[in-house]
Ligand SMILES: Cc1cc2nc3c(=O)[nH]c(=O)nc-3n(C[C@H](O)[C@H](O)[C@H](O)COP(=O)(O)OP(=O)(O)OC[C@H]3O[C@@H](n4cnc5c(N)ncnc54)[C@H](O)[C@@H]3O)c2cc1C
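Just one chain is shown here, as structure tokens, and it is the form predicted alone.
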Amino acid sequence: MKKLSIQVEATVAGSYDVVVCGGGPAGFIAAIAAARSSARTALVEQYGFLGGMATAGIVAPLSVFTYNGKKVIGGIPWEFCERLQEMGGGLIEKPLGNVAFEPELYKLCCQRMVLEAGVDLYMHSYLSGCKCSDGHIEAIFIDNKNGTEALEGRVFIDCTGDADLAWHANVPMQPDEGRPLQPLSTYFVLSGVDTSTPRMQVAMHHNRQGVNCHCEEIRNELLAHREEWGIPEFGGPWFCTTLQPGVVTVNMTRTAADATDNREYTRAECELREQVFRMAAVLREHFEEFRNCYVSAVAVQAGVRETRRILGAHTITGEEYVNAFRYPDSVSRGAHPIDIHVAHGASQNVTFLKTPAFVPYRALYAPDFGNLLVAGRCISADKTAFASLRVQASCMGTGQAAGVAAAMAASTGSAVSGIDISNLVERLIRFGACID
């Protein structure tokens, strides 16, 4: 392939204790945690709003915060959920503590919390590279309307979902455990739905532990008439309330693609947008609750379930996860079922946990990279454990741990692998994290 060389001069826009890349569920929580730990913190986000898959992807509900009657993810993530509910933008559903939400108020709530914490925001900024030598990141490069800029930092946190910063820094990634990856799905919002029927009341509230909350009646009809109705590959369907009458989010589109490959991602986005309107038409034509429905919003980007994950100091295995192995450096937990969507077809492999699992701090960093942490989808886990940890509540939990740890490392000048774990755990517990 032909290559061209360019030389770009980057202005240093700021120097920080902690720089967080990605403003999704892991990233905005990490930034708040770092700033509340007295670190001068920057948060870089490619869109003009925060929330990531929750807001850009309309992925609802946020799950799982509570399991077996006990809170699993607490602290700043739970504070966010409570504040969102107080604003009228969230509905905490018991017993699982899954949170249905209104996307626009979600954007406003996390923006307020980030700014209240004193975080410097760099929105509309795309991570384009980093200056890294011998495993030490000196600065990241971002592109925005000001041109190419640099942000210097003592410690960096990759919350991009796709491990973009780690990839730019040449961090080793998890070995290929088989393709294709879990499929992409574009969520959409339908208005004009009759949400008062018993079927929709059950389907759009995700409050039953040990149950896959897809709408089984509609699913069976779709499967029975797939060829006759011209239905493409689909999952679910899953519906979720937006707290507005007659309005639901819909998760049912799917296609296989590697979202870290621009050409594949572009093809997938176009295909999924076609699927959105085809699926809406099918629902409208064949199901009474949807007779008057219309597409009122489509996610800004397709929802990504699986891409790159770092090869960390420890890789969480499926066996450890299912058996709730307690690590000496446990810093967060997870309770969502192991949820593997097949890339082709309508099936899904689900394993419900008996006991909430643990996440070790060593899964948040790679050996030989002294000032880089990761949180969210790019943590070190095998394909099985990752299929649970990829969800938003778990991402928030690892974001909180990474933010506090990054502030500690920045204040002492130590490598992220060298901080005092007992001190980290104590600080997390003071924040309200649920680690026991």
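Note that the coordinates shown come from a computational prediction; the quantities given were computed from them, not determined experimentally. Note that residue numbering follows the sequence shown and begins at 1.
Just so it is clear, the following notes concern the form predicted in complex with the ligand, a form of the same protein that is not shown.
If we define contact as a non-hydrogen atom of the residue within 4.5 angstroms of the partner, is D164 a contact of the ligand in the model of the complex? Heavy-atom contact with the ligand at 4.5 Å: present for D164.
Would A203 show up as a contact with the ligand in the model of the complex if we use heavy atoms at 4.5 Å? A203 lies outside the contact set for the ligand.
F358, heavy atom within 4.5 angstroms of the ligand in the model of the complex: No.
Are any of the heavy atoms in A375 no more than 4.5 Å from a heavy atom of the ligand in the model of the complex? Although the ligand is absent here, A375 would touch it in the model of the complex, with heavy atoms inside 4.5 Å.
Please determine, with the chain shown alone, which of 363-371, 54-62, 31-39, 407-415 has non-hydrogen atoms within 4.5 Å of the ligand in the model of the complex. Stretch with heavy atoms near the partner: 54-62.
Identify which of F277, Y126, W229, F325 has a heavy atom within 4.5 Å of the ligand in the model of the complex; exactly one of them does. Filtering the options by heavy-atom distance leaves Y126.
Of V248, A268, V72, V304, which one comes within 4.5 Å of the ligand in the model of the complex, counting heavy atoms only? Flagged contact: V304.
What residues of 13-50, in sequence order, lie within 4.5 Å of the ligand in the model of the complex by heavy atom? Stretch hits, in order: G22, G23, G24, P25, A26, G27, V44, E45, Q46, Y47.
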